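First structure 1, then structure 2: two forms of the same chain, each alone, as structure tokens.
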Structure 1
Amino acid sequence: MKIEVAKSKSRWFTASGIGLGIGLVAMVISLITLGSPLRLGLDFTGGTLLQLQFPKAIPDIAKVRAEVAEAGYPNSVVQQIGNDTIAVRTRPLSQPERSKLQNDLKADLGNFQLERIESVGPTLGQELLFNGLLSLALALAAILVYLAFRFQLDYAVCAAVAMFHNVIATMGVFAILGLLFGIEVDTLFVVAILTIVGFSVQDTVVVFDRVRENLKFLSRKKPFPDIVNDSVNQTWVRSVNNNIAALLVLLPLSIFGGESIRYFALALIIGFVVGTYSSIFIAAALLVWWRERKPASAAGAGAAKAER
């Protein structure tokens, strides 16, 4: 199957624009309603999480919220997980406060098993958020510098745009999941985003490397868009096969893994699929669009530099 990238680039840009637009709208709504573009988990906000598993049917969620508020924690987040579990997230609690809250809830809601308990201080949560964003910024900057050195500036810019495309697309999906299903992001989500960035660059470099190789032999015979198109068609099968191999590992994790591993795997699945799409349809199409804006450099300097 032959893929047409250069001539159909407007179609791919439009498809990506619509998808990213939906994600950005979700992030804006999340920012207005939750105070952040994504629903932040305990790792970033700080607080105490109590996960209560009930032996039979769980009580009404509104009643649980009322009981938690009556116990002295009116701003807590109460969320149903599955058919028999409720998560209660409060401000950071001391051991006596946790024990008292559990006893109060058992007295009002019936017996339950404390399935999980976590506590993170607000200062540590802010540090984790800052360090996560700093790691992401440094990784993006380092990759941009590497690509500018390895190829040319226009290659690096197109690859960077494709990376941001993948990151925003993944964040957009999790913003929607956070609004609709209360799914939170934690430090593993930052790890997933960094992995997606690395995967995206690897896939894009494969395509750009083939473009550069083909330019050495075909720059006098074919226009630049045709060379890019040929390069994409010579590499897309490899990219898709790599993605399928990764998905075969990640899909079982997303289905059978625990809660934190499940969403980590889900973020990787979304990022890998979008990354494969962007390396084939977005990064290459952007390169063609960039060179078409500067036809002289595409014919002369561009081809010459690409042969380095």
Structure 2
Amino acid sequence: MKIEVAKSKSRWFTASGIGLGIGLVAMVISLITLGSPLRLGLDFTGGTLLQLQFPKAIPDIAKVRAEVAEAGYPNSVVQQIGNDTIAVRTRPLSQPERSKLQNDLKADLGNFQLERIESVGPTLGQELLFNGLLSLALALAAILVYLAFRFQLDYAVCAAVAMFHNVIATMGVFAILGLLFGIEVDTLFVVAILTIVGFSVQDTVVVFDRVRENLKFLSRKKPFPDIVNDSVNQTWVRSVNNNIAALLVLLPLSIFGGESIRYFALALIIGFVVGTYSSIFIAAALLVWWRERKPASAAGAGAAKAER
């Protein structure tokens, strides 16, 4: 199978543009309705989560909701997890408040095991959010510097654009999931994004590495777009296969991985798939587009410099 990237750039740019556009719209809607581009979880907003496991019959969710509201927390989230567990999410509770809520619920719903407590104060939530964003910014900057050092600047810029493409796409999907299904992002989501950045840059690096190698031998014989196209065709099987291997381990994680790991795996799956797509269709196409803006001789000179 031969892939056509260089000549049909505009098709891929349009496809990505539409995809990212939808994601950005979702983030704007989310920003207006929820106050942040993604639905932030307990890690970032602060809050208390109690996971109650009922030994016998699980009580009716509506009843649990009513009891939690009656206890003084009407804006809480009550969800069923698995067969026998109910999760209750409230605003951040102090230890006495939490004990009182537990006792109230025990009195009304029958005995349960407290499987998990997760409580994060609002200040700490802000700190975690800040740290998450800071680590994201730092990792992006560090990878940019590395790319600029290893490749020519324009390669690095194209790889960086593809990198942001993948980050925005993954965030866009989670903005939609947040709006439609109430799925929240937590610290692990930041970890997922950073892993996606590393992984998808790998893919781009492999393609660019090949472009650089081919330029050494072929720069006199073939025009630049053809060389890029050849390089993509020589590497895409590897990118796809590598992605398949990663997906093969991620799919079981996303299906059976338990509450906290499930969405982490889902974020990785989305990011990896988008990353593989962008390394094949976006990064290489961008490189061609960038070089075509300049006269052919300049591109040739640039190619010669790229060899080092």
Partner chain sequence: MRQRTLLLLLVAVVIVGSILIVATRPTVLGLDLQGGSQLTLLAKPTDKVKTINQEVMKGVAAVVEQRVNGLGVSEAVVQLKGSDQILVQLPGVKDPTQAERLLGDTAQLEFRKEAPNGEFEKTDLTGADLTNAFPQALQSGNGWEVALEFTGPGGEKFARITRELAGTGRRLGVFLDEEAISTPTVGVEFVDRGITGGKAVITGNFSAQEASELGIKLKAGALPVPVEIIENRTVSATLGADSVRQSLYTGIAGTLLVFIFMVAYYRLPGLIADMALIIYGLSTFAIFKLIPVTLTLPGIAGFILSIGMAVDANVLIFERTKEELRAGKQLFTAVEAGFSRAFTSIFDSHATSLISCAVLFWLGTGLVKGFALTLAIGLIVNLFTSVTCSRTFLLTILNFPALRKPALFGVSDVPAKAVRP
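FYI, numbering is relative to structure 1, first residue = 1. Computed from a prediction, not measured in an experiment: that's the story for all the values here. Between two forms, the rigid core is defined as the largest C-alpha subset superposing within 1.5 Å.
The form predicted on its own corresponds to structure 1; structure 2 is the other form. Core-superposed comparison between structures 1 and 2: the CA of residue 230 stays below a 2 Å shift. After superposition on the rigid core, the Cα atom of residue 53 is displaced by 2 Å or more between structures 1 and 2. Once both forms are fitted on their rigid core, the CA atom of residue 88 lies 2 Å or more apart between structures 1 and 2. The shift recorded for the CA atom of residue 103 between structures 1 and 2 is 4.5 Å, with superposition on the rigid core.
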